[in-house]
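The chain below stands alone and is given as structure tokens, in the form predicted on its own.
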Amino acid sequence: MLLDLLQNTIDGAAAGASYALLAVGFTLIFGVLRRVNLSYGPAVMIGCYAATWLHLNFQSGLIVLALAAVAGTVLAGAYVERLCFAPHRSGSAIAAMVASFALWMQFEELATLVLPRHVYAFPLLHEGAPVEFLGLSLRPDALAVLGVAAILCALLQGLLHRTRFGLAVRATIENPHAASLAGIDPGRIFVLIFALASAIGGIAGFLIVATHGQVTPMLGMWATLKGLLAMMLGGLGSLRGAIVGALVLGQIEAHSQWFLGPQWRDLVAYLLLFALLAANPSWMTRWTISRSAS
């Protein structure tokens, strides 16, 4: 029983690491632009489809596929930013969110036109058997995801707290008008944050499909739901909260699948979020936007 508990905890941490990268991308955009980007997951899916197309046509290596996934996601993110968020920076947040939903549909249609099959195989990060250690089964690819997520989150923390760019981001979050009077261009900050969030999403997407060994158009919806749920569990606008929420989500899914069955894996997480919001409607926003990068 103890080994099962430890195994599930390890599996949940690995899943939570990939959710953390998705949640961080959502939080960066929400924390700076104060907008929810519903097409974030589909943009990640477009990057993964670009990498899949390269794999099918040129049998490229994993490094090239990773770069393609990041580049494709950043380009898709730039398209979303120009069409959905740049026109609505000082306007309606609802209009920007609805526009991003329209691009979600657009991205899914594009993916199915380029690669019409429902599922395509993707090269695995590690094709060997799991490593057995003290009765536990450790997957090298899952450990790699954990390591990459930890490094990226640490680098992002340093970027936001120890660089002039991070200072400009925090000033823009606190007061865009005052930041512009101090010589900071909020529009440029918005574009750079969008690009950074998209790059992180591209890395997350590549790690997810390379761990599961397949890509499907449903990846867009899956990434959106997992990223949003993790962000909401941790508190809107908080990078640290997004990481914690993602790790908690991974643990909830892993343990509920073991104790209740795979059909309960997602439902339990949604029920927990509903219960928290019902018990305390202000819980989800207990961190303010200005604290998200502080």
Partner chain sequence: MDDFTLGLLTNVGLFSFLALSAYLLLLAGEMSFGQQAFFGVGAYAGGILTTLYGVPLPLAALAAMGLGALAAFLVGLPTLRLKGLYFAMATLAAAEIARLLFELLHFQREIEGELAGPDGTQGFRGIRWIFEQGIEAQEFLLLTYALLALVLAALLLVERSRLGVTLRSVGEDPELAAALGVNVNRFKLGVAASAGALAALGGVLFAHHNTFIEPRNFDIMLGVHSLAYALIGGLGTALGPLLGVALDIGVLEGSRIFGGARMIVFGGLVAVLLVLRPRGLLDEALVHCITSRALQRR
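Numbering follows the first chain given and starts at 1. For clarity, every value in this text was computed on a predicted model and none was experimentally measured.
From this point on, the text means the form predicted together with its partner chain, which you will not see here.
Q: Can you work out which of 131, 148, 159, 110 has a heavy atom no more than 4.5 Å from its partner chain in the predicted bound form?
A: Selected residue: 110.
Q: Report the residue, out of 70, 33, 252, 38, that has at least one non-hydrogen atom within 4.5 angstroms of its partner chain in the predicted bound form.
A: By the 4.5 Å heavy-atom cutoff, the listed residue in contact is 38.
Q: Though only this chain appears here, would residue 120 touch its partner chain in the predicted bound form if you measure heavy atom gaps against 4.5 Å?
A: Output for residue 120 is no: heavy atoms all beyond 4.5 Å of its partner chain.
Q: Would you classify residue 244 as touching its partner chain in the predicted bound form, given a 4.5 Å non-hydrogen atom cut-off?
A: Residue-level check for residue 244: no, no contact with its partner chain.
Q: Are any of the heavy atoms in residue 165 no more than 4.5 Å from a heavy atom of its partner chain in the predicted bound form?
A: Flag for residue 165 set to no.
Q: Can you check whether residue 214 is within 4.5 Å of its partner chain in the predicted bound form, heavy atom basis?
A: Taking the distances in the predicted bound form, the answer for residue 214 is no, it never comes within 4.5 Å of its partner chain.
Q: The chain here is shown without its partner chain. Which stretch in 58-66, 244-252, 265-273, 45-53 comes within 4.5 angstroms of it in the predicted bound form, by heavy atom distance?
A: That would be 265-273.
Q: Contact check in the predicted bound form: 97, 225 and 232 versus its partner chain, with a cutoff of 4.5 Å between any heavy atoms. Do all three pass?
A: Contact check passed for all of 97, 225 and 232.
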